[in-house]
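Before any questions on how it binds or moves, here is one chain, the form predicted on its own, in structure tokens.
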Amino acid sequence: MPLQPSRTVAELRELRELTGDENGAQRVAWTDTWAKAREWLRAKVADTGAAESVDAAGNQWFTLGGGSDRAVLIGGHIDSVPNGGWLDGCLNVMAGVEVLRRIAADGAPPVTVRLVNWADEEGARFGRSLFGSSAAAGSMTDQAELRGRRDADGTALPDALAGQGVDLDRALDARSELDGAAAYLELHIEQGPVLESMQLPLGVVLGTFGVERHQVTYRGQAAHAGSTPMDKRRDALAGAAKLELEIREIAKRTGEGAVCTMGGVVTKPGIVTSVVETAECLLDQRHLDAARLASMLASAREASERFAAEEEIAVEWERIWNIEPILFDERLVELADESIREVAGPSHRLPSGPLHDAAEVARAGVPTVMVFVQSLRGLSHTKLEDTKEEHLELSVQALDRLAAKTIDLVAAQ
């Protein structure tokens, strides 16, 4: 059976109709709509002869046995954010289905090939991204904290998982799924503007950014807004405002690839008739280079303390979360570059700012690479998310070429 990239586009549209509404995709993990999508996927893969299994973390696997137990994995996620786009995550999975069809039609492959639909990549309902892949990678070390998580309706995470047949306390048993994994391949929309700005349909991902995420709290003194002179104020928001402007300069000084974001500020008492006593800020910093990321963090800390002194207020830092930069396998990056050039002409290598399941698999020691396809206007996590149909078809072709090259590489090892 020859590869049919147009079928992938048609199936993506079918999935959109099945699990979306006028506001966008609604395949939030651990919901009935998500379960419906997984059932739909099961039917799509059935004609390949691949054996389905669901691991202890809820990851959905389709295994096509080969001449060796060593496995090439192709992965993605079918869950979405609320009101999400029609391509984020599910393109990876459905392109993988088409590649699996082509491999199965060619006869038994020399190595095992496995398609995985990771559970809850987005973390949209409970705020814990990369759930299934982190369980399989063995990096899920926050079980106690996860047990206390609740969604907006007050439902506890363990209860939502149990409703889909997953026991949180056994989720780490999914680690055995990566035994024998020799390579991991993932296709994804870029979710940014770089490829479009370069007029290129496809690019190779060098790795995923390291992330430093902190809560920065400025503490001043509440005082009446009408009777307190400007030069007598200890305004906590003034420190936060200065830091917001400074982090943009820190990113500029650090150079290409650096991003800093103040994603939220909560002030107290939060009324217009009072000087702000407390300003709690969420700061996110990302870079592909660990040393530069550390330098960005140090610069932000120094600046925050300088602004606190200027405003006669106090500042405190609390780390919320961090992850080190993940660099993908150099040999697979080369193969991905070759594959793109063969089907689309020029390629481009770029880092990924968003995190992906691929980062967790790479952390587990499995050679990994990602391919990006251009996103129109750089938009994602919105119903406006889109990619040209011809570019989607090229991405399926590139993934197929990459899978073939990777299977040959693994078989020769």
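Here the structure is a predicted model, which means the values were calculated and not measured. If you superpose the two forms and keep the largest set of C-alpha atoms that fall within 1.5 Å, you have the rigid core. Position 1 is the first residue in the sequence shown; the rest follow in order.
In what follows, reference is made to the form predicted together with another copy of the chain, a form of this protein that is not presented.
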Practice item. Work out which of the listed stretches, 157 to 165, 297 to 305, 70 to 78, 192 to 200, brings a heavy atom within 4.5 angstroms of another copy of the chain in the predicted complex. Key: 192 to 200
**Study point:** another copy of the chain contact in the predicted complex: Ala336, any heavy atom under 4.5 Å
**Key:** no
Check your understanding: So in the predicted complex, does Thr261 come within 4.5 Å of another copy of the chain, heavy atom to heavy atom?
Key -> yes
Practice item. State yes or no: in the predicted complex, is some non-hydrogen atom of Lys242 no more than 4.5 angstroms from a non-hydrogen atom of another copy of the chain? Key: yes
Exercise for review: May I ask you to check whether Glu311 falls inside a 4.5 Å heavy atom distance of another copy of the chain in the predicted complex?
Suggested key: yes
Practice item. Using heavy atoms only and a 4.5 Å cut-off, decide whether all three of Arg101, Gly127 and Arg150 touch another copy of the chain in the predicted complex. Key: no
Study note, to complete from the structure: None of Arg213, Arg341, Arg219, Arg175 but one has a heavy atom within 4.5 Å of another copy of the chain in the predicted complex; the exception is Arg213
Review point. Ok, Leu206, Ala108, Ile323, Leu282: which has a heavy atom sitting within 4.5 Å of another copy of the chain in the predicted complex?
Key: Leu282
Check your understanding: Which residues, if any, of 100 to 122 lie within 4.5 Å of another copy of the chain in the predicted complex when only heavy atoms count?
Key -> none
Check your understanding: If we fit on the core, is the Cα of Val276 displaced 2 Å or more between the shown form and the other one?
Key -> yes
Point to revise | Rigid-core frame, C-alpha of Glu190, shift of 2 angstroms or more between the shown form and the other one | key: no
